[in-house]
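Presented as structure tokens, the chain that follows is alone, the form predicted on its own.
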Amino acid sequence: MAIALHGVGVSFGPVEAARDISLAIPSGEFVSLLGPSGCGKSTLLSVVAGLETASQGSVTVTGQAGMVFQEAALFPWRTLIGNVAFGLEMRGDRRLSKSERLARAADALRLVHLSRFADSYPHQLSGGMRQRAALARALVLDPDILLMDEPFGALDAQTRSLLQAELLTIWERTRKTVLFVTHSLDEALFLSDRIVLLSARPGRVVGDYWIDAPRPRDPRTDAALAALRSRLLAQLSHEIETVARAEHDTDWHAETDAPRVPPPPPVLENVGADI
């Protein structure tokens, strides 16, 4: 397994972010974490990356992991190729000369179709281009695992769609293991082999779905995904309402007239193209 979590819990003082998370992700699989705000999705990603420590349970990661955040966080004083090469510099690989580092950075920029902008600075690029550069910065290290924390969340809808397709192309070419955090159900359905649904805080696994539908997909019109989308939407709505009730410290439905969605049971199932 590329990633294995067993009984993982994460707490920050009195706040319990995640509880009893067990998850096994084989090499080459694209898995999305979906759930309401505050359910511990990004926290779990940080635990897998080694940026946070689990309070309980065990975490096993096989191979090197690279991380892509929601913000590109490029150095404004470096060109694009300089930003992408930075990870190789920090790794301190003495086997690589400066020219070799730049050659690898150029290869990574070609992978995300940014070769023409290698000598440009971040302020000269669009948000989507900066995010592609951040992906290239992770890919240049040739990680076995990509950890992606809402990497397209701040982009406009058109750019987001383009980058989703770009990411799938790169994943199909490299077959790296991807653990992808998103708030978007349609994004998860479009990209993933598997969707893991987390409950309201403390985050627990309440659904684990394998999607055996061919790509490319359109979750809004694909009849093969319609039943799964409806079921996931009902589960996600229930968890979001749980968060809303907790934050308002009252009966959320009494205040909003929103329809009550019954809590679904935890599920683990395969979803094929014949839904």
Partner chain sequence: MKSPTIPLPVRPLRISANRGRDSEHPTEGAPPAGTERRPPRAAPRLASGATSWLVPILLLLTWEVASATGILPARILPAPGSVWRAAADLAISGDLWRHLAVSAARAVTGLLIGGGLGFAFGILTGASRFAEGLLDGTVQMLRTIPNLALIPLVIVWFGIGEEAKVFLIAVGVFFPLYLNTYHGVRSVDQSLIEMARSYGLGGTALFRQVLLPGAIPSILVGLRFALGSMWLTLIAAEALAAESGIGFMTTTAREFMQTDVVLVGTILYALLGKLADSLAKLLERRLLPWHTAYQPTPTTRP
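Numbering follows the first chain given and starts at 1. None of these values were measured; they are calculated from a predicted model.
Note that the form predicted together with the partner chain isn't included here; everything after this is about it.
Comment: 128 to 136 is the region of 105 to 113, 128 to 136, 200 to 208, 175 to 183 lying near the partner chain in the predicted complex, near meaning a non-hydrogen atom within 4.5 Å.
Taking the partner from elsewhere, every residue among W77, E89 and L141 has a non-hydrogen atom within 4.5 angstroms of the partner chain in the predicted complex.
Residue-level contacts in the predicted complex: of L233, A226, L51, A246, one residue has a heavy atom within 4.5 Å of the partner chain, and it is L51. The partner chain is not shown here, but in the predicted complex it comes within 4.5 Å of a heavy atom of Q124.
Remark: D193 does not count among the residues lining the partner chain in the predicted complex, judged by a heavy atom distance of 4.5 Å or less. Although the partner is absent here, W171 lies well away from the partner chain in the predicted complex, with no heavy atom inside 4.5 Å.
In the predicted complex, at least one heavy atom of A73 sits within 4.5 Å of a heavy atom of the partner chain.
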